[in-house]
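A single chain, nothing else alongside it, follows as structure tokens in the form predicted on its own.
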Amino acid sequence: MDLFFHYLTLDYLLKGIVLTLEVTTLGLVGGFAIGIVLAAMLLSRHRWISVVARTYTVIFRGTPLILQMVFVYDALPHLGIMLSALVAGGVALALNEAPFIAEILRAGIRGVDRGQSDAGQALGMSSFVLMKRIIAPQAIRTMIPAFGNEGVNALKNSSLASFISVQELTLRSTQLASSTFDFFSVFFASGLLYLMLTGGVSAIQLFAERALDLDRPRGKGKILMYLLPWRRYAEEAPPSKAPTVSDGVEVSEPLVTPTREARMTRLTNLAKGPIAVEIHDLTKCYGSRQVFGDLNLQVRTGEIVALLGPSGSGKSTLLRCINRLETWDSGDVLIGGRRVGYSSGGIVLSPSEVARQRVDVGVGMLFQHFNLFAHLSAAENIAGPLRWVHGWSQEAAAQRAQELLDRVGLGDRADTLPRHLSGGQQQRVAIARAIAPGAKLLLLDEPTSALDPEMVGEVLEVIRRLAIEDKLTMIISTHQLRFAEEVADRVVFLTDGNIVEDGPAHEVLSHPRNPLTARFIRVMNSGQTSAVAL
């Protein structure tokens, strides 16, 4: 036992630890640098770039690290590249670690819900901002355990550098055991030293996981919080004591449904106004299946259009095309006279340029599954894009976020994470986020389809008030016929990607001309009446 403790503190072995850490550090730092490039190549839209990265991954994952170290140390000198044993070991370890790190990065990025990217793009975020502020922060939290494992593996794999005469801990332990013939004590001490090193890596992993835990109460780890690429809030605010109706929306004077004469007058006035959205001969196919075929539609400024139709009729795809979240095969979409997705010279815009175009034309979008940024509080979901995209100051963005949350009845939930909100509350935050920058056109894709029946009313009431009070141009995909009749100016009925009926909301819903429209309205009225009865 005395020899064991002697070996633990032996300067000869401690110097081996230093060399082990040097090789590991070179391997991990180099591996991360190469891995980031490889991950970007694997995620590239250009097939030949991803093929090159995949070939590299197959080769270096499929051959033993010891052979790679021997190759770097012995073969590269024939090409005129001379490396010391230490550097050669670090380089080989980096080349070996890179594909594993790249796959961790790729899996983490791909693991972030696609809706997060859609929401960021719809808010006008460039690819860089979207990666930095939305995707990377969420992906990092899921990748920490895998990075911890990879760090431990790299530390253990560094022992293979002994084959190219790097005097790291394993080689020095072997030499010491061979000279003393005390194999058990030497290697037991060596194993404990390795355990201490890997334990340090595990401690760093646990610290990182704790620091990135979104549910930690605010105030703990406050200094580190400001070093992170997002602000973390997790404290639940006390429930509001303001008078509210049962569905949670703040009470105010009830909105009066306009008369038919008032509706007709409004339609007449709208028809004299400028065109907000214009769609010409829009055609889109998914493989051999055609979604649209020469679809044409005009929406006037301030007009509220409800898109109705059975599932699969193309309502959601049409909204995504208007916002250029989907491309199309032929035709044009114009918002405010600007051709969506193209420059004034007819050149196809890059994703980042399209994001800027969305900001310029003032289009916002509401998704059926909310797509709130999961790592940001309700207030930061609204204020963040205002700062990152529109250049607002932190104070102005925070004030705007609080004003809108108050307006949708969620002023007391500003610091709450989305997963601690009900579905109706999440959708109301999403509404506030969509209109925060002063959107002129609001696209709503089945805003109540993902909600429980008892939560539908609160969201529809918020949308109804926006339509009447803010005078936004709205295109709403919905199955809520009563809502469409009360709020919409026009109803457009789609089936199989074609518009089969288009007219004033009251007329279409009361006296449909097309048999397909009549059948759909009959079925939907029957289902919604049954739901109300329940």
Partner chain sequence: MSIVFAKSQRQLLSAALFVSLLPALPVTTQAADLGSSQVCQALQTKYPQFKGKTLVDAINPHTPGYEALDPKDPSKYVGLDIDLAEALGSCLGFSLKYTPVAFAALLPTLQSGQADLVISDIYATKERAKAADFITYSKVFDGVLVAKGNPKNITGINLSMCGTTAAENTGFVEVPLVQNLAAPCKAAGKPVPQLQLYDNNASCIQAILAGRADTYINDVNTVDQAVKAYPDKLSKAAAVTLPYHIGIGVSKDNPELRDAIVLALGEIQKSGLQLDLMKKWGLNQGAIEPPTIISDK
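Residue numbers count along the first chain shown, from 1. Everything numeric here is computed off the predicted structure, so don't read it as measured data.
Just so it is clear, the following notes concern the form predicted in complex with the partner chain, a form of the same protein that is not shown.
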Which listed residue (Ser117, Ser126, Thr416, Gln167) meets the criterion of a heavy atom within 4.5 Å of the partner chain in the predicted bound form?
Gln167
Though the partner chain is not shown, can you say which of Leu176, Val456, Val152, Val389 has a heavy atom within 4.5 Å of it in the predicted bound form?
Leu176
Candidate site Leu10, Leu83 and Thr180: all three near the partner chain in the predicted bound form by heavy atom within 4.5 Å:
yes
Please determine whether Pro145 contacts the partner chain in the predicted bound form, using a 4.5 Å cut-off between heavy atoms.
no
According to a 4.5 angstroms non-hydrogen atom cut-off, is Pro77 in contact with the partner chain in the predicted bound form?
yes
Just checking whether Leu171 would be counted as a contact of the partner chain in the predicted bound form - the rule being heavy atoms within 4.5 angstroms.
yes
Tyr194 near the partner chain in the predicted bound form, any heavy atom under 4.5 Å?
no
Partner contact check in the predicted bound form: of 271-279, 68-76, 402-410, 306-314, the stretch with a heavy atom within 4.5 Å of the partner chain is 68-76
